[in-house]
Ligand SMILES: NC(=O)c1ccc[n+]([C@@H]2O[C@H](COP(=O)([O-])OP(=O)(O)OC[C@H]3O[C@@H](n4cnc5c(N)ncnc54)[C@H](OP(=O)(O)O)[C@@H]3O)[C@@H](O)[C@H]2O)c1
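Next comes just one chain, in structure tokens: the form predicted on its own.
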């Protein structure tokens, strides 16, 4: 099972020059609490942007080539998705933009910290998705400095046959 988790601006911006565009303490706490003890899956650039390996989580990196550092390197993304999308184990997809886009059709749940702000020079974005296909639940609302935010869970609606 795949769950996407990200912090996005009004235009779905998530990154700029290898850094997150927003640094909200409550979002970081939510991210840590939610992903703890679960495997986290990320692209190579996201891996490089981390100050260190994420503790108490299996760090899985999608890369064209194997390298040392993470707990596991996946070089065949399609094979990984096929093997794990129906698993009972929850894999958290943590970025970047292309990785979110590849996993989005296979995810049943998305956690987004939606920030009421824009970053005009952002260069990485969360993919657009049909929000009407999901049930939207607000988990928390607040402010981080001057920024207003809502932590939201989107859960894919079951198809009626």
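Residue numbers count along the first chain shown, from 1. The shown structure was predicted, so the numbers you read here are calculated from the model rather than taken from an experiment.
Below, we turn to the form predicted together with the named molecule, even though it does not appear here.
S.K.: Quick one: does residue 108 come within 4.5 Å of the named molecule in the model of the complex, counting heavy atoms only?
M.R.: Outside the cut-off, so no.
S.K.: So in the model of the complex, is the named molecule close enough to residue 4 to count as touching (4.5 Å, heavy atoms)?
M.R.: Flag for residue 4 set to no.
S.K.: In the model of the complex, is there a heavy atom of the named molecule that lies within 4.5 Å of any heavy atom of residue 19, even though the partner is absent here?
M.R.: Yes, residue 19 lies within 4.5 Å of the named molecule in the model of the complex.
S.K.: Within a 4.5 Å heavy atom cut-off, is residue 30 in contact with the named molecule in the model of the complex?
M.R.: Judged by the heavy-atom cut-off of 4.5 Å, residue 30 is well away from the named molecule in the model of the complex.
S.K.: From the candidate stretches 132-140, 90-98, 51-59, 32-40, select the single one in contact with the named molecule in the model of the complex, where contact means a heavy atom within 4.5 Å.
M.R.: Checking each option against the 4.5 Å cut-off leaves 90-98.
S.K.: With the partner left out here, which residues of 108-144 have a non-hydrogen atom within 4.5 Å of the named molecule in the model of the complex?
M.R.: Contacting residue: only 124.
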